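Next up is one chain by itself, shown in structure tokens, the form predicted on its own.
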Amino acid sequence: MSTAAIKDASMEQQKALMAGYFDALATAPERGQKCVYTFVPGNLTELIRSFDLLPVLPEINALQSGMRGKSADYIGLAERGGHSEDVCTYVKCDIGMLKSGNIGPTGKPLPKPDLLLLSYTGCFTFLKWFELLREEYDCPIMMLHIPYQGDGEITPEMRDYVVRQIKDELIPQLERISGVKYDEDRLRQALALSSKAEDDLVWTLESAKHVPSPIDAYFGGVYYIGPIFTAFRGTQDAVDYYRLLRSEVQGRIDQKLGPVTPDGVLEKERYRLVVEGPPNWTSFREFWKMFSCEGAVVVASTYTKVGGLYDRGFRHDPDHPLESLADYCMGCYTNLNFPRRIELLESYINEYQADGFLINSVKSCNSFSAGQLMILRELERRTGRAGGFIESDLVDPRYFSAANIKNRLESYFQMIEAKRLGV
């Protein structure tokens, strides 16, 4: 029996886009193209690219390394160098990769940064991560201070505060590094392309409201968000990818087909779930099959919102370029307070007709894991749906126990069945 994952056309296109991106990174030094290291939440890809700079995303390198079975050795190397077991495994994977020659997940070298840009500070780990990288590279570092949505909204004062930092500090720094003058018309064009791609992404994610759902918004969703959350937002490539994806999903809706899984199209949808927390990357396919083999489809997830809450109405706006970028930085899922997170998840459970809500609590990711049990209990109280809790890690295979997770999932699905019977 073949063990190769089954992929549809959009997944193949996404794979080709990412391969081309890593090729461009590998050849950037010889082509004279400079690079900016940054992170997915709050990333300013359109602005970076408007200066002919390439973004490099360390957490993407880490998760790609995890999916390719390389992260364990990198993490071990970092821990032997003094990093604690409790440190975010993305960080340790990245540091271990750096100490091993900075060969990226596709086997090609990654360029050194010409700037370390932190444009979202809601995860304190990012700040410490860049402090570590600053010790390794001789390059400038730039940090935008992003206000936390403590009261659950973005105020004009908060927006103006971030815009001033972009205008007065970041743009001059990007001009110095690139030798390119700021061109607002070029930025506007990129933001217009972003908005088009974002429309199709939202349509795709909301297609899960159909019964059966034509997509899996967690496992399949990580492929869908790849181009827009990384290096391709603001490009025609992203627009083309999401147009293809939308067409593909519409075809599944028309045929009343379920999502594509590692074993082909799901034949029968038995459980509709909302999932909180990032997936495990080192055993990603095995983890996915634990759901698909039970007929469980994730119809909404918070992980697919870490790079933007587009389904709540946000779009990059070419008519207000810097203000739009500021709102994007402040609109990260993990920049929401707990009442807003709970409201968001409650709306997903109801809007997507979910049978239950499941947390994958990631050992080394404090941004997601803090407060999750409180969220779980509150959602059970508000919705009456079954809540479940499993544990794993991002890219450390030591913390993925297949037997334990499978047992918990089986018990959880039995709980859903009991609720259906009114037991």
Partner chain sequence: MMTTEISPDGQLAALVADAQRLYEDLAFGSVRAWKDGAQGRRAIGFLPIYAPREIIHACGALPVGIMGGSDRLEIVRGDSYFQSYICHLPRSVVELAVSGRLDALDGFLFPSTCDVIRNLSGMFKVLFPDKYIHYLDLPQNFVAGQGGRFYRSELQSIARAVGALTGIEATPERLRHSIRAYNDNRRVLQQLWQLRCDAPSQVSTAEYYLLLRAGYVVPVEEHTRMVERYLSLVGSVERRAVDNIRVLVRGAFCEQPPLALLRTLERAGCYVVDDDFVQGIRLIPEPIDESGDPFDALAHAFLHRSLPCAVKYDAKRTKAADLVDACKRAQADGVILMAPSFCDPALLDQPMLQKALEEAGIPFTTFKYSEDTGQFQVIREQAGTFADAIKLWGATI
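Numbering follows the first chain given and starts at 1. Remember, predicted model here, so these are calculated numbers, not experimental data.
Separately, the form predicted together with the partner chain exists; it is not shown, and the next lines address it.
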Heavy atom of each of D23, A192 and V202 within 4.5 Å of the partner chain in the predicted complex: no
Contact test in the predicted complex: Y161 vs the partner chain, heavy atoms, 4.5 Å: yes
In the predicted complex, P339 touching the partner chain (heavy atom, 4.5 Å): yes
R134: touches the partner chain in the predicted complex, heavy atom cutoff 4.5 angstroms: yes
Residue contact check: G371 to the partner chain in the predicted complex, 4.5 Å heavy atom: yes
Per-stretch contact check against the partner chain in the predicted complex, the hit in 67 to 75, 175 to 183, 117 to 125, 260 to 268 (non-hydrogen atom, 4.5 angstroms): 117 to 125
Sole residue of E294, D151, E351, E286 within 4.5 Å of the partner chain in the predicted complex, by heavy atom: D151
Among the candidates V56, L44, V362, L63, the residue which, in the predicted complex, approaches the partner chain to within 4.5 Å (heavy atoms): V362
Partner contacts for 65 to 94, taking the partner chain in the predicted complex and a 4.5 Å heavy atom cut-off: G82, H83, S84, E85, D86, V87, C88, V91
